[in-house]
Every structure is written in C-alpha cells, then in structure tokens.
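Just the one chain here, laid out as structure tokens, in the form predicted alone.
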Amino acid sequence: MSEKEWITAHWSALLEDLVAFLKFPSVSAQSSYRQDLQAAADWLAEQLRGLGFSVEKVGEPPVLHGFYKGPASAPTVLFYGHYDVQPPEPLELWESPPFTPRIKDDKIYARGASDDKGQVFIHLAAWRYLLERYGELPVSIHAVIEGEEETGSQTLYGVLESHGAAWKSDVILVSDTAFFSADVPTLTVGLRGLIYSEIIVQGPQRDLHSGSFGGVAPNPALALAEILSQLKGSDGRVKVPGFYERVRPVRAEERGLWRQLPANEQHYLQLTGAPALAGEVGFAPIERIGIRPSLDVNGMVSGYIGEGAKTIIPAQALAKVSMRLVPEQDPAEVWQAFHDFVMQVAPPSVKVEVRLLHEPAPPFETPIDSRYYQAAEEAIAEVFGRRPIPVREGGSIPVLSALQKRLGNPPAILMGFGLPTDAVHSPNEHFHLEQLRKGIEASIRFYKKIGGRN
C-alpha cells in the first residue's frame, strides 16, 4: 500500500487520535494547567510505546524521551517537538472552544493545531506507516518532546546537561515551522533568536485620586509610554546603542532566492490585516522578518481598564518587550545594552525594574548542502509538486542551538508544514488538513530516503 493509499484508508482513525491530543489544555505559561501538561505527556508516552519506543519522562513538566533502535547501519535522527501550547486568551474571540477541536472547511481548529501538536502528530503517523509497511523503522530515532517550548524550555536545558550526551544523532529534525504559502513550499534554514523582558514602572505606593494628586504625583503609565516611545525611531530602527553593531549584511545569493517568492507588501498586508506595513526603512518585508532584528511591545497594563470611569493615578505600569535577533548578534550583549538604555531614559520620578523572563535564545542557521537537507527537499518536491525554497523565519525555537551543540553540531532540518494563515498564537488557531495529509506523506518519504528504503 502506498503512502497516500495508507493515509486515505486510516484517515478517520488518524483524525480521531489527533483530536484526542488536541483536547489536552497543555498551557505551560499558567500554573493551573500543570496536570494537563502531565496528561498530555502521558498520552504521548503511550503513543510512543505503542510504536516500539522505549520511553522515559524527565523533569517537570516532563521532557519526554523516546528511543527506537533501527538497523545498525542506519543513521540516527533526533526528532524535536513540543506538546505545550500558548494560552488561549482572549477566549471570547474563539469561534469554538480552544480545546474542543472542530473541523470546518478542511481545517482543524484548536489551540496547538499547528503549533505544535498537529506537526508532532505528523511524525507519529509517519512512524506508524513505516512500521506497518516494513515491520521496523528504517532509522534509529530519539524523540524529544517537551512541555515548555512556549515559555523558554528551562526544564529541557537542564535535561540536556544530564541526558543529552546519550542522544547523539546524525541529524536533528523539527516540524515547528511553516511554508510561505500552500502553493509555495519552503524549508526554513534560519531562525531569529529571542530576548523576552518585562519593564515594571513604580510610582506612588498605591493608586491615587487623580483630582487630589494630579499634577503632583508621577504617573507610571505616562512614564512607561515615554520609555517605550524612545526604543524605536520613526524609521523603524531600534535606538538601543549597539543594537545593529554585529548584524550581518544580507547576502546577495539569499536575496536572489527570495525574489522567487511572491513576498510583496500586498502579501503581508493580507496576512496581517493591517492598514499599512511598518518596520525598518530600506528593507523588503521578507528581509525585515528573516534577516533583520526587531523589537516589539507584546503587552501593556496599567491602572483601571474596566467599564466606565475611575479617576486614578495608577501605582504601577508594566510592559512586556521582546527582541528578535539575527546571526552574529550576542544575546547577552543585546540584553545588557537594552537594560542599560531603559534605565537611562527612564524619568527620575519613578522606579524602574527591567527583568529578563527566561533564558535568551541565540539565532540559529543551518547549511543546505547536507544529504539530510537534500532528502527533505526531494521529499517535499515529490509530494507538493514544487521544490521548496530555503527561507529564514522570524520566529524562534529557543532551545534548538543548545540542542545542536550538545549533540555535537549535527545538521538540523526544519521541515514544517504550517501556513502563515494558521493563526498561531491567536484565537481560532487551525491546521489545514491537506497540509496534514501531505506532511505525513512527505515525512514518510524523508525517513525512507535517509534510511535507504524504496
């Protein structure tokens, strides 16, 4: 039975299993979901054991490590993914409950459908087919699936130190990225790094009456707005001293490849729904996302924001600010420069604290000349009918560089099947079922190619 025939014959059962996986509200950012993270890990462990993997769970929330011993002459693949998901809020914007999966218009809607449960499930299905077809997997596999990717992978960093030496592999495989579009397949060869911080501005000891104290007491909300307004200029450039000092110029050959993509401004206007694009002047939109660093305010809160009026001067204001970094930027240097700049521009009438919320993630890039990259390229071309274009993605997988270093720097293949329209991290996240079908088929072919099976 061919890959496509097998997927068609087993489609109902595959969807049933995916729905079961998506039902776990495995949110790592909120402590109230700890039991659900454990339940999701337990479900995955049972799936792996059913596929012949030996399984161990390490840490809390559990890092799941499954190992399958393939033929002695075959390469070893470390597959990395995550079972935790982003918080579902704002709940009122979901058209259906985020942890009650719904299928509509050949898409499955649920938190985690694309990031990353649906894409992890692609490989569970691929392994199932290979076992049924050949009686064994054509390669050895370390499956490392964690529950804190969305909050910085702190547990996995520790597990890497204690267990990573035993996970030595020939290639790392990740499905947590996206195509440029359904019609234009891509393979991600670079990710930006990430610094995530929090700025806390403290004014008076408590909220004050704005009539009695307005004009005398400092206003933390205004002070925070003043700080944030100085982080970027009208040209879209970050004003933190030294921010661009190590940034590598865009390579001509990369620009040449990107010209094959329909990545004009209209494309990004349609994706964002914004009235106009923003960002660094002098660079195309795809360059601003892939090869240029950025700084964004991810959230702000201060004072009274409920219904009606409450005339106060708030005691505190808070903003979450993230920076995406590109190759050769040093996260430690950028963090220190950012911290010092915020303290420098802060008004003297308030107290300011700048905190790092989790371990900074360095930028990541991988070569395109390994036999594993070529196998991924061929597998996608065969299934999707078009050779994928190598691109750099603006997002981050925080632990990937540490994982690669601990394993002796094998090549990493970022073979993701999401789409930019999947509403990842937003209400109504979904995964296109055609991407799921073809993703399973392409993954099967990748494993067969590197394992020497026809």
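All residue numbers refer to positions in the sequence shown, first residue = 1. Predicted, not measured: the structure shown is a model, and the values here were computed from it.
Just so it is clear, the following notes concern the form predicted in complex with a small molecule, a form of the same protein that is not shown.
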**OP:** Mark residue 194 yes when one of its heavy atoms lies within 4.5 Å of a heavy atom of the small molecule in the predicted complex, and no otherwise.
**Re:** yes
Subject >> Contact test in the predicted complex: residue 111 vs the small molecule, heavy atoms, 4.5 Å >> reply: no
Subject >> Contact of residue 47 with the small molecule in the predicted complex (heavy atom, 4.5 Å) >> reply: no
Original post:
Do residue 152 and the small molecule come within 4.5 Å of each other in the predicted complex, heavy atoms counted?
Top reply: yes
Subject >> Candidate stretches 34 to 42, 48 to 56, 393 to 401, 62 to 70, one within 4.5 Å of the small molecule in the predicted complex by heavy atom >> reply: 393 to 401
Original post:
Which pick from 86, 202, 140, 294 sits with a heavy atom within 4.5 Å of the small molecule in the predicted complex?
Top reply: 86
Subject >> Contacting member of 169, 370, 181, 177, with respect to the small molecule in the predicted complex [4.5 Å, heavy atom] >> reply: 177
**OP:** Using heavy atoms only and a 4.5 Å cut-off, decide whether all three of 4, 123 and 386 touch the small molecule in the predicted complex.
**Re:** no
